[in-house]
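Single chain ahead, written as structure tokens, the form predicted alone.
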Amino acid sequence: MDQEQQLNGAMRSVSINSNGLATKLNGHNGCKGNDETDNVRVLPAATAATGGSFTIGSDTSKATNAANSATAATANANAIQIQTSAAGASAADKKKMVHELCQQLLLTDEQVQELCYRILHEVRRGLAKDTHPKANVKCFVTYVQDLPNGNERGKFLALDLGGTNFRVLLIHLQENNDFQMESRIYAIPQHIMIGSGRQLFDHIAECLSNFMAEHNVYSERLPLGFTFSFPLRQLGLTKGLLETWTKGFDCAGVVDQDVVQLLKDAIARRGDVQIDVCAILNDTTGTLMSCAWKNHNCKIGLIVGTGSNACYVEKVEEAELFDMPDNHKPHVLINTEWGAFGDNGALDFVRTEFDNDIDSHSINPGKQTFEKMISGMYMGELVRLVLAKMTLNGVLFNGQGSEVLFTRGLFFTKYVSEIEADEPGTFTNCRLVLEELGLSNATDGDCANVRYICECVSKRAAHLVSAGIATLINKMDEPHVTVGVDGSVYRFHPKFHNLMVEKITQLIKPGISFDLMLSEDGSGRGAALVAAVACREDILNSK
């Protein structure tokens, strides 16, 4: 049996019965939750795409396609029914209509279990040399093999590029896990985000120079750790090729280029500062390293912010693309790049009409499918699409929307966190948000429905992330694993942590324990720590 057959053999399928309920999954039982969103019968995705290349057997594909067609027809009928019945409907009826529409956003225990199988399948494809080129979850080797041991000392620079801003940090690592840190945030103008690569790196080099002058290290030669939070194919600790831009960037001339060299070239063009770029890493790696400095059980790094990604400690023999000669170390850090999970259709069985809308209007249609169902860049827009549909159907706000509500991108993800932070039965934050949207005449029923929609979107995101983390924990098969976590969604959403703990607990193997640790500046301090560990190893190797 070849490897691809073995991997496919690990797959499972969810069957849908005539009532739209997911039936038991090959004897695997999920656990029940206990909040309102768990008590609603969950339908499969209303408009799941059927053209994906992800296959797990022809019979399953036929059954899935039939279920998708039947469900799409049901959804269309429901939409017509809502439009004709919403006018003059009672508050209770409108609540029922909202809950029925949101069923497609709720994942059954069987669907979550199926996600775990599919994620594991894709991770194995990414790790294996034969299947890596076609894998969506690339599982790039980071070449980071050593975690901090607490003995790192000295001054280090960190450059953190991963969103609409970037940071420069100066970190002085001292004894007893103590450190001093100074940092500054610099904006990246929109015209640079979509301009040329040379423009981008010249801008970064200029800001680096200004920072060093401001902090009186202009004349010192300092090691720098470069956090580059985009899909990267690493060829060494200081060499990485950009796979594709994400998060709104589209700088020309950077894809397939070594971004370390582009940074070095920009610094050299200035000729005014001495910087040794001694490591490039992803923000997930930085998050793991930052947490591992204080907690040596930290073996997974997770980001749930503007984007979503995870890295984890893997056995060298599992990482078939790791080709460092004379290696005697047993582990290497793997950057999964799991945001692209589902780009081959593996998530179609849980995608909705709203996910399809988000994707088709994004700058990268068909890419980063998993990320678009989870991250802060899209969560607010997912909620807005549901609100807009319900308003147009007369279910919310008496059918009276606003220009802001019907404008893409203006329902910010922070609104979701603010609305869900309201105490039960109160709608203080919700009303403030709705007023910002130009919706000042909402009833308490409207507010309750808005909050429910937010809860469905954020809970689904938490459960998708949890399926991924539980899969990695189970694959590592260690007695205890600490997961270092960073990102605005995890940090600021009032329920995300608890939703994750509850779901991961259900999904991990008996006998394994875990905890989630909020990272303290992983992409900044973590980058400096990768540089520090690299310097530590260089010193050891030179002796």
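When you see a residue number, it is the position in the sequence shown, counting from 1. Quick caveat: nothing in here was measured; it's all calculated off a predicted structure.
Heads up, the form predicted in complex with a small molecule isn't pictured, but that's what we're talking about next.
The three residues Glu381, Lys414 and Glu455 each lack any heavy atom within 4.5 Å of the small molecule in the predicted bound form. For the options Thr369, Thr246, Asn393, Ser466, the residue carrying a heavy atom within 4.5 angstroms of the small molecule in the predicted bound form is Thr246. The contact residue chosen from Met373, Ala158, Ile303, Met289 relative to the small molecule in the predicted bound form is Ile303, the criterion being a non-hydrogen atom within 4.5 angstroms. In the predicted bound form, none of the heavy atoms of Glu122 sits within 4.5 Å of a heavy atom of the small molecule. Proximity of Ser229 to the small molecule in the predicted bound form falls within the 4.5 Å heavy atom cutoff. Within 4.5 Å of any heavy atom of the small molecule in the predicted bound form lies no heavy atom of Gly126. The small molecule in the predicted bound form is not approached by Pro148, whose heavy atoms all lie more than 4.5 angstroms from it.
Partner contact region in the predicted bound form: 303-311, out of 345-353, 303-311, 272-280, 182-190, criterion any non-hydrogen atom within 4.5 Å of the small molecule.
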